[in-house]
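The chain that follows stands alone, in the form predicted alone, written as structure tokens.
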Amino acid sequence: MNPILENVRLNVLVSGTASDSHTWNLVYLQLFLEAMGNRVVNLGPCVPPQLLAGRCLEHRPELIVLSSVNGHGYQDGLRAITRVRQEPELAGVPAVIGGMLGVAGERDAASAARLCEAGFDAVFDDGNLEAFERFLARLAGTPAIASHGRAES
């Protein structure tokens, strides 16, 4: 086996939302996830819900990560996760969304709760990468490594 692949923890699909044309957030997420040993398929920006669901069926990810920085992530995210969860094969695949999800740019607990009710497993709209890393570690069954290099329990 390829020694690089021995460290792969999760197969992750990263995507922008339908109305978001930003790409650097997606590149950053891909590099962040790959640096932790995950294999990443990055669909890029402006991905409509139907295409997202189709690519998820094709790639069979162990985690779906949506990111938005244009402030329309809440609405786009609801449409995307609703479409993804319509596929029986994707019903149990963990999915998260993060970034600037509302035009006000402020954390909105009610919107985050609604996104989770719609089918997301977590919402990271506060830029807390350590919380995202802990979420990833739980999925992969490994301890999270904090930025100072010690494992968290």
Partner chain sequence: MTVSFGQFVASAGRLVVQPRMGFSDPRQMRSGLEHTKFAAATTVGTLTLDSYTRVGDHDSARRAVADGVALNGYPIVTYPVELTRELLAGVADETFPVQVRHGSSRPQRIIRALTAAGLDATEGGPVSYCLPYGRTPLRDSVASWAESCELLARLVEPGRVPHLESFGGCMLGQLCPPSLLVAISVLEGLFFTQHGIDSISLSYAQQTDPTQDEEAIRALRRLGAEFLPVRADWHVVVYTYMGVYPLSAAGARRLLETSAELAVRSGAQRLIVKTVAEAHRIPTIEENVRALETAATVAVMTTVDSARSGPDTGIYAEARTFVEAVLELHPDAGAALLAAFSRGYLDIPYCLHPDNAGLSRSYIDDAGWLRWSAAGRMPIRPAAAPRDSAGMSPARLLSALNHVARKFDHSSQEARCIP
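Numbering follows the first chain given and starts at 1. Just so we're clear, the structure is a prediction, and the values are computed from it rather than from any experiment.
In what follows, reference is made to the form predicted in complex with the partner chain, a form of this protein that is not presented.
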Looking at 81-89, 57-65, 116-124, 96-104, which lies within 4.5 angstroms of the partner chain in the predicted bound form, counting heavy atoms?
-> 96-104
Might Pro45 be said to contact the partner chain in the predicted bound form, defining contact as any heavy atom within 4.5 Å?
-> yes
Does the 4.5 Å heavy atom contact test between Thr23 and the partner chain in the predicted bound form come out positive?
-> yes
Would Ala109 show up as a contact with the partner chain in the predicted bound form if we use heavy atoms at 4.5 Å?
-> no
Could you confirm whether Val27 comes within 4.5 Å of the partner chain in the predicted bound form, counting heavy atoms only?
-> yes
